[in-house]
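Just the one chain here, laid out as C-alpha cells, in the form predicted on its own.
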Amino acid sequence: MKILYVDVSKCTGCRACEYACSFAHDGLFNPLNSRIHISEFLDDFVFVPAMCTQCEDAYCVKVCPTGALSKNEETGVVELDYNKCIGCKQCTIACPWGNIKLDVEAKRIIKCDYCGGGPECVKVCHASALQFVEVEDAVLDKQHRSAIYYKDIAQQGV
C-alpha cells in the first residue's frame, strides 16, 4: 500500500503542490481549493506540507451520517462519494488534522484522494519533499533518519 510521505526538511515552500492539486481537481490554479496545504513558519524558515493521512480508523468516516466517506481497503484511501454527501461538514470537524475542508464557492467537501493513484503534488515537487511510496519504505526511511539523529547526538556528547 502506497502513502504520501513528507520530508519536511526538503520542503522549500514553493507551493507548486498546492497549485498542481487544485488544477488537477478543479482545472484552476487556486491554492485555496488544494487538498494539500503548506504551513509556513517563517521565523525558522520551515514549511510543512499537510494533507489527508488516510487514517486507518478515520474519524471522518465514523461521523459521516450518509456513508459518503469510506475506506478503500485495497488502496488505503478514504474515498468521498459526492452523490451521498449532504455537506453537513461533520467530517471537517472530526478530522484531527484539519485536512478535510469545504470549498466555499462550490459548497462541497474536498479531501486528498491521491489523484486516483498518481498524486499530482508529488509529480511537481522538485525538492522531493513529497513522495508516493510503499508504507514499508517510508517506515525504513524514518527509522534511518532517527538513527542518524541519535548518532549525531551521541557524537556531540549530549
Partner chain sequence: MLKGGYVGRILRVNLSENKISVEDINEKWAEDFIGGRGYATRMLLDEIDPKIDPLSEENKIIIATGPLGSTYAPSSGRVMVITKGALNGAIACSNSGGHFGPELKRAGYDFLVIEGKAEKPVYLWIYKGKVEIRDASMLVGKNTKETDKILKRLTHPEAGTFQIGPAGEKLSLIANATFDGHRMAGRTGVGAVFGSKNLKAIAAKGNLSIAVADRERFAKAVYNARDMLSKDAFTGKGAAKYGTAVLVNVINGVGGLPSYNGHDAYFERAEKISGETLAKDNLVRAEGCDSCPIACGRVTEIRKGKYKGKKGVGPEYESIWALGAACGVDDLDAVVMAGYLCDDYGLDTISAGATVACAMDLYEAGYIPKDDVGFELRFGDADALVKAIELMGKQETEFGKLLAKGSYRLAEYYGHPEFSMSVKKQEFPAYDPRAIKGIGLEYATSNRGACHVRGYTIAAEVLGKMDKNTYEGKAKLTKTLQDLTAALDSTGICLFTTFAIAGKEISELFAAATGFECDESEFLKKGERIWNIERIFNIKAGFGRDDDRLPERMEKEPIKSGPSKGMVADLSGVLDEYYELRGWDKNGVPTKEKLQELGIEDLL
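Positions refer to the first chain, counted from 1. The shown structure was predicted, so the numbers you read here are calculated from the model rather than taken from an experiment.
Below: the form predicted together with its partner chain, not depicted.
Interface residue among 106, 93, 50, 32, judged by heavy atoms within 4.5 Å of its partner chain in the model of the complex: 32. This chain is drawn without its partner chain; in the model of the complex, the residue among 63, 68, 124, 55 with a heavy atom within 4.5 Å of it is 124. Taking the partner from elsewhere, residue 37 is found to have a heavy atom lying within 4.5 Å of its partner chain in the model of the complex. In the model of the complex, none of the heavy atoms of residue 146 sits within 4.5 Å of a heavy atom of its partner chain. When its partner chain is considered in the model of the complex, residue 45 lines it closely, a heavy atom lying within 4.5 Å. Proximity of residue 1 to its partner chain in the model of the complex: non-hydrogen atoms within 4.5 Å are absent; the residue sits far from the partner. Shown without its partner, the chain has 10, 11, 12, 13, 14, 15, 16, 19, 20, 23, 26, 27, 28 in segment 10-28 as residues with a non-hydrogen atom within 4.5 angstroms of its partner chain in the model of the complex.
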